[in-house]
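Quick heads-up: it's one chain on its own, the form predicted alone, in structure tokens.
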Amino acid sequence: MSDTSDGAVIRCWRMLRARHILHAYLFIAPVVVLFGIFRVAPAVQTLLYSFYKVELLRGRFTFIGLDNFARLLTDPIFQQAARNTLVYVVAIVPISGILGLLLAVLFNSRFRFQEFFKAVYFSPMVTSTVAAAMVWWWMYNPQFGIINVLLKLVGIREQPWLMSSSMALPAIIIFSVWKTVGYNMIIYLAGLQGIPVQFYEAATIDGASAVRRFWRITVPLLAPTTTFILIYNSILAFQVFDQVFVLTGGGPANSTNVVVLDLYRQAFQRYDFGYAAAEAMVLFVCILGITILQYVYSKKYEIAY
């Protein structure tokens, strides 16, 4: 009799567990379906298009294998766009990260109007990139822009900024640093507040200076935060588009043309979707490779506490 009752209990428990699992899958099903439709399916479609000559207006798809990728190797416009993108990434990631860390260390101590200044530095991050870029376009104006006015006041000659092929990309980098440094500051500030105060107290008792405490305690214990910021900023930097499109449109003389902007032109101006898909796949592989490299390499320096 007891065996029968035990079997009934087990069957009932299994039915309840199966019902709970079914309910869980039903709850996540909308998210999974939407993710599949708007993320997975376009990614797979892009991969397939990269091996075809796509003529959407004619409804014609011609398989050409790796020809689109071969064209990338000999296309001077794409090569320049790739170089510009790489320069942008190499500049924006460390500069915005270091400035964000320094600001976080500054704001980690209490002082008057601290919250106000936090909001001031973070506000660019929540501002529309297009709207902010339009304001900076006026600021960069070589004739009446506020930046040249300020330079003239301190005795520095006016700069052509967005009108110069040598100054346009640095101008975009300056704008992007201003746009992203506030986010890095908030993330680093959260990491700093998670470090136990006892470490700093013990180091102070041992006679360690503020600089030594920063290099021996703060920097090592912020390794996980730094890893996240490096990966996040790198991904965003490789996908830069809005500010370039608004500020320069890729000019002058393609000096600020980047991969995503060139991809956009190939797909929606020249309607060469296969070639644009190949550019997208190359960009995806670069982002994935650098992300994995940063993650694996930074693991060596992470410290648990």
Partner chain sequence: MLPRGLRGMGRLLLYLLVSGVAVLMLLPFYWMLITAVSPAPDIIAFPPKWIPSRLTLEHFQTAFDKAAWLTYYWNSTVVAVVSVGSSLLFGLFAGYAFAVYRFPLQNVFFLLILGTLMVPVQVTSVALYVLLAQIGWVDTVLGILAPNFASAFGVFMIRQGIKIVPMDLIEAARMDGAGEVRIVLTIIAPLIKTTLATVAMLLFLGSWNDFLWPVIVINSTDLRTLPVGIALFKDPYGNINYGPLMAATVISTAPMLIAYAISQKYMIRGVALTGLKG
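We call the rigid core the largest set of C-alpha positions that still match within 1.5 Å between the two forms. Owing to the predicted nature of the structure, the values given are computational and were not obtained by experimental measurement. Numbering follows the first chain given and starts at 1.
Keep in mind the form predicted in complex with the partner chain is missing from the figure; the text below concerns it.
Undergrad: Within 4.5 Å, heavy atoms only, which of Val219, Leu86, Met125, Ile95 is in contact with the partner chain in the model of the complex?
TA: Only one option qualifies, and that one is Met125.
Undergrad: Taking any heavy atom pair closer than or equal to 4.5 Å as contact, tell me whether Tyr297 reaches the partner chain in the model of the complex.
TA: Taking the distances in the model of the complex, the answer for Tyr297 is no, it never comes within 4.5 Å of the partner chain.
Undergrad: Quick one: is Leu48 in contact with the partner chain in the model of the complex, heavy atoms, 4.5 Å cut-off?
TA: Outside the cut-off, so no.
Undergrad: May I ask you to state whether Gln79 is within 4.5 Å of the partner chain in the model of the complex, using heavy atom distances?
TA: Because no heavy atom of Gln79 falls inside 4.5 Å of the partner chain in the model of the complex, the answer is no.
Undergrad: I'd like to check something about Tyr264: if you look in the model of the complex, is any of its heavy atoms closer than or equal to 4.5 Å to a heavy atom of the partner chain?
TA: Contact check for Tyr264: yes, within 4.5 Å of the partner chain in the model of the complex.
Undergrad: Heavy atoms within 4.5 Å of the partner chain in the model of the complex is the criterion; list the residues of 167 to 190 that meet it.
TA: If the 4.5 Å heavy-atom criterion is applied to the partner chain in the model of the complex, 167 to 190 yields Trp178, Val181, Tyr183, Ile186, Ile187, Ala190.
Undergrad: Does Gly36 move appreciably between the shown form and the other one, meaning a CA displacement of 2 Å or more on the superposed rigid core?
TA: After core superposition, the C-alpha of Gly36 moves 2 Å or more between the shown form and the other one.
Undergrad: After core superposition, I'd like to know whether Ala253 moves between the shown form and the other one (criterion: C-alpha shift of 2 angstroms or more).
TA: Shift at Ala253: below 2 Å after core fit.
Undergrad: Taking the rigid core as reference, does Glu55 move its C-alpha 2 Å or further between the shown form and the other one?
TA: Glu55: C-alpha displaced by 2 Å or more between the shown form and the other one.
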